[in-house]
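The chain below stands alone, shown as structure tokens; this is the form predicted on its own.
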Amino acid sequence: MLAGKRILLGITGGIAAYKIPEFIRLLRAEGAEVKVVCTPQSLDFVTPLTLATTSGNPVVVSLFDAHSGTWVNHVELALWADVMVIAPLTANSLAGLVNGKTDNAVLVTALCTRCPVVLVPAMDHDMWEHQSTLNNIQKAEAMGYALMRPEYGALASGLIGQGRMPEPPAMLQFLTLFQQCHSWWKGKKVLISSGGTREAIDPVRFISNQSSGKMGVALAEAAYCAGAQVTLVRTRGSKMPYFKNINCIEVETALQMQSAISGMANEQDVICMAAAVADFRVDQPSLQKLKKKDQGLNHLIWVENPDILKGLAQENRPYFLLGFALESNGNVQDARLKLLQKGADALALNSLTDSGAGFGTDTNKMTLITHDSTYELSLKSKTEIAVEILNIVAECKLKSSQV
């Protein structure tokens, strides 16, 4: 997805700069062209030779060489880029950026960009939590900068807390999805369910399904990289998201999932019900393991679980509601009828007969149905499918706002 993209990488003086050559290597492996501009302080942690060798381009540290009289055209450099990434971004450079300072090559170039700019802050925990930094982050987002928040973990100071720069593969994934997703998602609140619920029979047995949660996680990751505030309600044992700053709530049963979602539903802009929720549960699960010889398993009483999707389809709801359906025949007309019955805004239809789609796979093929359109999403990775879904939802929301 980054093939042919021109990435301008700004490096400021944080110790996490030592990770940047690996990030550059990953970008170039994806087919991106990379140019580097850095502050003098960053060279305490990474050398110009390393950066030039990995990027394949000269490194800009100063806009003027006093010995040769050479001047680097920072405007030309800024306009060259399809996207600029500043990583690591120190607290000092963040403050300079949001206040319009131009005392180093990174800041002056950033102020000349017309392309999207992604900020990747990295600093000690107390600096990240300081009110001045939080204020500057708010300013940066209000000014239109995209933000990949630091992670919780071990820091150079010896402390453990939030402030750690994400690892290069995570930065690559973030940048890839950021480039593909519609800008409408920035700042939106999104709730996504994923995985298959488990309904207890006794302390040992339960009924469930084969859902891995991969599609829900792909949606959560794409929405997060597009700038949304994402809450993922995932079932126990299902796939975890790659990005640690996605808010995860773990549940097990359909009733637990309903409780978790209903309590925060009205705060959301979009709800995606990608989880495979069990239709039935045992009325009263046994507190002891049921013995086969006692025929306890033959006398289970089953009751219907609540229809969470239909329950969310309340009138005058503030959120866009997307449901998911896995069918054995993939009949679009049946799915359109189901969309009407559920009262959702859109329904993503999977068919068990499509090779490479459905439970457990890393790929998917879908038909996305709205009340006035049908979108065929051909077989590709679940990440790519997630981006397509988010972009369609964004276009639907933009259309509805113009009516």
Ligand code: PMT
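Small disclaimer: the values here were computed from a predicted structure and weren't measured. In this text, residue numbers run from 1 along the sequence as written.
One more form of this protein exists, namely the form predicted together with the ligand; it is left out here, but the text below deals with it.
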Subject >> Options 96 to 104, 125 to 133, 182 to 190, 317 to 325; stretch whose heavy atom lies within 4.5 Å of the ligand in the model of the complex >> reply: 317 to 325
Subject >> in the model of the complex, the one of Arg281, His74, Arg164, Lys214 near the ligand [non-hydrogen atom within 4.5 angstroms] >> reply: Lys214
**OP:** Consider the chain as shown here, without its partner, and state which of Gly360, Gly356, Gly31, Pro40 has a heavy atom within 4.5 Å of the ligand in the model of the complex.
**Re:** Gly360
**OP:** Consider Ala226 of the chain shown here, and say whether it contacts the ligand in the model of the complex, taking contact as heavy atoms within 4.5 Å.
**Re:** no
**OP:** Using a 4.5 Å heavy atom cut-off, state whether Lys382 contacts the ligand in the model of the complex.
**Re:** yes
Subject >> Gln210: touches the ligand in the model of the complex, heavy atom cutoff 4.5 angstroms >> reply: yes
Original post:
Heavy atom to heavy atom, is Lys338 within 4.5 Å of the ligand in the model of the complex?
Top reply: yes
Subject >> Stretch 257 to 278 - residues with a heavy atom within 4.5 Å of the ligand in the model of the complex >> reply: Met273, Ala274, Ala275, Ala276, Val277, Ala278
